[in-house]
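Listed next as structure tokens is one chain, alone, in the form predicted alone.
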């Protein structure tokens, strides 16, 4: 049994009602429910008395250090079987880390700890690392984004990595680590016995100087499948170094996020080689890099290679225009694996989307999710998009936000949604102006097809 509630103010009577339900829940999720430390005293009792409870998610609540202290009393009980604990953005400080250290040291059932968006600081996370080093700790996932960490944390992290072969996921994004610390972390990862599968280092002050060391991790850790270094200024030279590790036979990367990394079309030669030869790679994000049409053409040539197994391509805000749409269309008509295509924030125009639709309508194309927000589209291309919607039953998600479609365009899309052949389940239409009449039509459409979600 699951309890999953978000964004609900808890009155005393509602809370009492939920407590009865929680006694038999396997999963409890109460994000954004205005909970405080007083609620944690009750939750501690639930943790202690409900041995079937394995997941507790309390993100975005003002629990504070006092609340975590209450929770940990339950977590430390022998009857506790909790495996996953989410406390993101709960107004915690380093004071909570001593209590959480006790849980890590004493509770072998706990395999996931998510404490990002809290001001734990380097001193607090060093205390958590002490708990990780206890032989009883079997932690597999540790999320420490936005925790105000500095370069000084790496020595403690490396010591924990050395002693924790169970650790599979480490997220340190949005902390000011810098190149020197990241290099040190990479050396620790290469030496550690853990089979790390996920490493997130977004917005960590990384430049091309760190990329050779990250590349070494990629070539040595065949377990690493998910790497994110987005929002770091690694540039084309850094990408070239990363690709040395990515292309290594030992590397089994599946998901690669390189958004806002100061890449240009010069990087696309290496990226194309990666896409066309690394058959494990299924998802790549290149959002907010100035690849331009010439770079996109190289990527599309790679997508046409039979060895490419890419399923998701994110090229939002990459300086693309109508000029690249013919080669994208050709790639869509060739590649059977691509499921998700994000091309928003590019000046494709109606003519560009008409070209894309030729590829989308090809029998080989299996696109499920198509994002074309803010692409300078008007009602003129909506009839063709409607044809795609009614013809391609694989298409389940379509984003047309921030385009001046007006009543005429929105009506054409609605008409397609009404068609029994249309399988679109989520239509995203943010910031599009339409009349009250069209608004009534959209609401009526949602009523007649409850499986369809229109987000606006």
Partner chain sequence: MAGWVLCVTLVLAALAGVEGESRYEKFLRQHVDYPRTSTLAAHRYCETMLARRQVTAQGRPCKPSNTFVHAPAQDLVAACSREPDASGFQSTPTAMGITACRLRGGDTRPPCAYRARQVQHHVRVACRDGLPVHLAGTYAPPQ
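Positions refer to the first chain, counted from 1. Given the structure is predicted, the values throughout are model-derived calculations rather than measurements.
Here the subject shifts to the form predicted in complex with the partner chain, a form of this protein not shown in this document.
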In the model of the complex, the residue from 42, 415, 32, 408 with a non-hydrogen atom within 4.5 Å of the partner chain is 32
Tell me which stretch of 416-424, 60-68, 385-393, 44-52 has a heavy atom within 4.5 angstroms of the partner chain in the model of the complex. 60-68
Answer with yes or no whether residue 451 is in contact with the partner chain in the model of the complex, where contact means some heavy atom within 4.5 Å. no
Using heavy atoms and a 4.5 Å limit, would one call residue 434 a contact residue for the partner chain in the model of the complex? yes
Would you please decide whether residue 169 lies within 4.5 angstroms of the partner chain in the model of the complex, comparing each non-hydrogen atom pair? no
Heavy atom to heavy atom, is residue 379 within 4.5 Å of the partner chain in the model of the complex? no
Considering only 291-314, what residues come within 4.5 Å of the partner chain in the model of the complex, judged by heavy atoms? 312, 314
